[in-house]
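First, one chain by itself: the form predicted alone, in structure tokens.
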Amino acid sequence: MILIQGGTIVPVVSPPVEEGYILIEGSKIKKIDRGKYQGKDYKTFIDAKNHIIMPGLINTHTHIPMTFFRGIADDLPLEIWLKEYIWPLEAKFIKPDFVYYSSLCGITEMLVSGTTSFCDMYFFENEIARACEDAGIRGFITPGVLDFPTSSFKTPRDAIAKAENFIKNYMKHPIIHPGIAPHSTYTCSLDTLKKCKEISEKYNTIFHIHVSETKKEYEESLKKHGVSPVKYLHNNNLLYENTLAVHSVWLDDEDIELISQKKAKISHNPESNLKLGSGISPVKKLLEQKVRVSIGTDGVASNNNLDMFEAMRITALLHKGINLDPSVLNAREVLKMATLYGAECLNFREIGTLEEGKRADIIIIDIEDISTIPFYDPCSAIIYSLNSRQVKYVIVNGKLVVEKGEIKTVDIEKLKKIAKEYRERIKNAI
């Protein structure tokens, strides 16, 4: 058992607990209470005095195997970035070893910065899962599906078959949660999208898809289908409670109403949307319509980091600015977006809050740093003051994977060496 003693516990669904303790047994939280734990039955003790104890952050959209493409093509529109740089590089480099080590690099970055769960859309899903197991992060792995060939599959039928096999193999895994990810309405035919939904419904997994990311995507959908991407999904029974609609930038009021009615979920990716000049999702309107909105970083080829603390701060500030209202997306709401709402968007409610009986996905943050002194309100500090470098302990499914700021499960120096070797190969290929 692990005992976390002292500090300020932030359960998210209830008021903070000052100077309390959390007892972890196996993969779950056994006890949360005020005061000092009197038992002696724990094996590992963590002194959390002058720390915040909170749920691990949940990143609801990544392309984690693209980590080795960080910074390779910046300051470009999405279409040029994809077609002229990313897709050609993927065709040359995306192979099992690349996916494993690039994923491991991104996973390590997430763990040491306080992310305990992430939802990924990519290929060679078994290699991503292997990296999750080796590093000890919770992965919602959704194999990507496209209508054109990739290094992982030749046809969409192959892709869907691989996705179904992956789902069957990992359905009962303790930290790997499988799903399916048709890329978008503009890269997948209606037949492909419907077959993906059949798999999603058969196994009750998330249907992870890019939706209305750019103005061009929105306008081309109007020309081709006569309706927006959201209405196209709705008209074909593809907008439903398992739909995780990523980006959702270009939405009209009817789109928002349909998303709400169908209980579809949103992954808001403010940093990549800003960097690619795609626009800003109408998060205020979505939340007002009771839509569940979570936060994602996207991949580092378009962000260029996986820092959820940065993403939370930008989310809070961005929507206050565009709405000319400082009360929009207060600190507590943004914290829920990165924890509780993330869990709900991924249909896994055993994480996202600190409650007895839930999975022990917990992070512990030092608040003695000069940037968080003096300390008054934990939610304010989490969203507006502290940074990811203050994360000192990370526990995933009851296992301590980051201790005193250092990852325990990955050989960092070896990983750096491999990353630098790939950098030289990628540079020579550009």
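One-based numbering along the sequence shown. Please read these numbers as outputs of a predicted model, since none were measured by experiment.
Keep in mind that the form predicted together with another copy of the chain is not shown, yet the notes after this line are about it.
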item	value
Residue contact check: K262 to another copy of the chain in the predicted bound form, 4.5 Å heavy atom	no
Distance check, T44 to another copy of the chain in the predicted bound form, heavy atom within 4.5 Å	no
Partner contact for K399 in the predicted bound form: another copy of the chain, 4.5 angstroms, heavy atom	no
L82, heavy atom within 4.5 angstroms of another copy of the chain in the predicted bound form	no
Partner-proximal stretch of 171-179, 192-200, 300-308, 251-259 relative to another copy of the chain in the predicted bound form, 4.5 angstroms, heavy atom	300-308
Listed residue that, although another copy of the chain is not shown, lies within 4.5 Å of it in the predicted bound form (heavy atoms), from S278, T243, T205, S221	S278
Residues within 4.5 Å of another copy of the chain in the predicted bound form, restricted to 376-401 and counted by heavy atom	Y376, S380, Y384, S385, N387, S388, R389, Q390
